[in-house]
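Structure 1 and structure 2 below are two forms of the same protein chain, each written out on its own as structure tokens.
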Structure 1
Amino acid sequence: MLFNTDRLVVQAGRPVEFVFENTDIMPHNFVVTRPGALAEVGNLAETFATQPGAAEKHYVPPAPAGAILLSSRLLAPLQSQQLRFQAPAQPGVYPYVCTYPGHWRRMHGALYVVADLDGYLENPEAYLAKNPLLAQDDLLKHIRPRTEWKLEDLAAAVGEMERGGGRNFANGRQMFTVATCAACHKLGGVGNEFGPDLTKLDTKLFPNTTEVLRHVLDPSLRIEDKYATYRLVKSDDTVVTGMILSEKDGVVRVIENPLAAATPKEVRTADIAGRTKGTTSIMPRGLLDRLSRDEVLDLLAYVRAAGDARHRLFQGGHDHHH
């Protein structure tokens, strides 16, 4: 659920070609917007996803004229598409984003349109120092280096938090949306109820915050049957993947992404040549890798406290030792 690059650079006013390949296990698209329109297009996509006809439009929402400059088809895993594009004449930071339901807050990057591509390539930092390009979109201003958080990196701080509290409630609640948790979980009145209810975490499986963290870092460690995905290979060799909603009267109903309004695919049991249970959770890995240490801790406290501002994790002083 990420583009492999945070930044693409092209020469203003010139034709370019993007080759967009989906090497992930879920569908994605690629949409370029005008500077400043990322959140607007993302929010429109969220509303659009639940309306009929969204799938036919590849989940590219109807947007005000000029807001969307380019859009790909929705690519299934392993598909690719070549896209021709006339780079805008106006240098700037143009967002690109996947508008497939649940993805935009995380799956985006910055298309730098520069007046002199050779000059840029010679020395990107020096070029940008001389010809500053300011991002207008908040999400692109805050693109930070990715940290692949490991349990060991955070375990001590998590233990300290469990003993001493001192986390920031408002920040934790905000991170719940920023890190895309709200796309699938509902907590504190926001979000979709597509993953399990986090207010009812099984205390045997999640006796402490470290176990919550372990699951978020590696969601496929344990996938509840109810949320498993299946790969159905039909006798004509086509493949359908997704969660099985029901199976009766010789028909299996499969849904690829419960966040989208798409009607479930129906596959006749008699046409299924093979069926394998997926080993990958639909909850993506790496959701924390754009957050800082404090943001991760505030988010974990928010989940642990089930969205309760009065929880002891939010009490206590800020005795952080740096």
Structure 2
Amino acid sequence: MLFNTDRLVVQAGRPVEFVFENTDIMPHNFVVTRPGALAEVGNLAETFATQPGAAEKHYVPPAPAGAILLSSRLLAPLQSQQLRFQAPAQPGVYPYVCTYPGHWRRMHGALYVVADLDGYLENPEAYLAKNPLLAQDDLLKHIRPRTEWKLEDLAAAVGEMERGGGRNFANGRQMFTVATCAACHKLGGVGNEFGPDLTKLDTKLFPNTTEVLRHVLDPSLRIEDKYATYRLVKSDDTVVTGMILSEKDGVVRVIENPLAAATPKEVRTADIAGRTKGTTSIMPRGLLDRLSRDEVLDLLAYVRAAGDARHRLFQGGHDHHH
């Protein structure tokens, strides 16, 4: 649920070809909007997702004229599409986003349209200092270099936190939304209940915060059966991928994307030619990559404390302001 790059750079007014490949386990699309329209298009997509015909429109919502400049098909896993595009003549920061339900707040990037591509490539920082391009979309203003956090990078700090507390409750609660945990988990009255209840973490599986961190960094380390994804291949070679909600009376009810809050798809058992249980969690890797060390620790404390501001992890020490 991330584009593999946060920034693409093209020459203003020149033709460009994007090769969009879906290497994820869930469907995605690629939509370019005018500057300032990211949230507008994202919110329209969420409303549109539950309406008849949304799937046929590849979950690209109807939007005001000029708001959407380019859109792909909705690509299933392992599919790809070539998209030819005439870059805008006006330099600026143009958002690109996946408008599949529930994805836009996390899966977005910035298309930098520059007047002199050679000058930019020669020295990006110097070019932008001389020719500033300011993002009009709030989500793009906070794009920062990613840190591919590993357990060994954070283990010592987590141990210190366990002993000394001192984390920032308000920031941890905010990071619960920023890191998109709230998309599938509910905690502190915020979020959805598509994943495990974080107020009832199994103390045998999660005896300490380090184990919570381990499973956030590697969501596929352990997948409960009821949250596993299945790939159903129908006799007509179409594929349905998602969580199985129920199977009875010759019908399998599958939720392809719980974030869409849509009616589960029903597949007749007799029409299923093959069924494979996935080994990859629907929870994406890299949820912490855009967070700083302190933000990660505040988030872990918030989850470990089950959203309780009185927990010892928030006592003592000093507040961390971000």
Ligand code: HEC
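Since the model is a prediction, treat every value here as computed from it, not as a measurement. Whichever C-alpha set is largest while still superposing within 1.5 Å between the two forms counts as the rigid core. Just so we're on the same page, residue numbers count up from 1 along structure 1's sequence.
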TODO: Name the structure that is the form predicted alone; the other one isn't.
DONE: 2
Task: Flag for Gly102, CA shift 2 Å or larger between structure 1 and structure 2 after aligning core - done: yes
TODO: Kindly check if the Cα atom of Pro91 is displaced 2 angstroms or more between structure 1 and structure 2 relative to the superposed rigid core.
DONE: yes
Open item on the list: Rigid core superposed, CA of Arg231 - does it shift 2 Å or more between structure 1 and structure 2?
Closed with: no
Task: After superposing on the core, C-alpha shift for Gly36 between structure 1 and structure 2 in angstrom - done: 3.5
Open item on the list: Rigid core superposed: how many angstrom does the CA of Ala12 shift between structure 1 and structure 2?
Closed with: 4.1
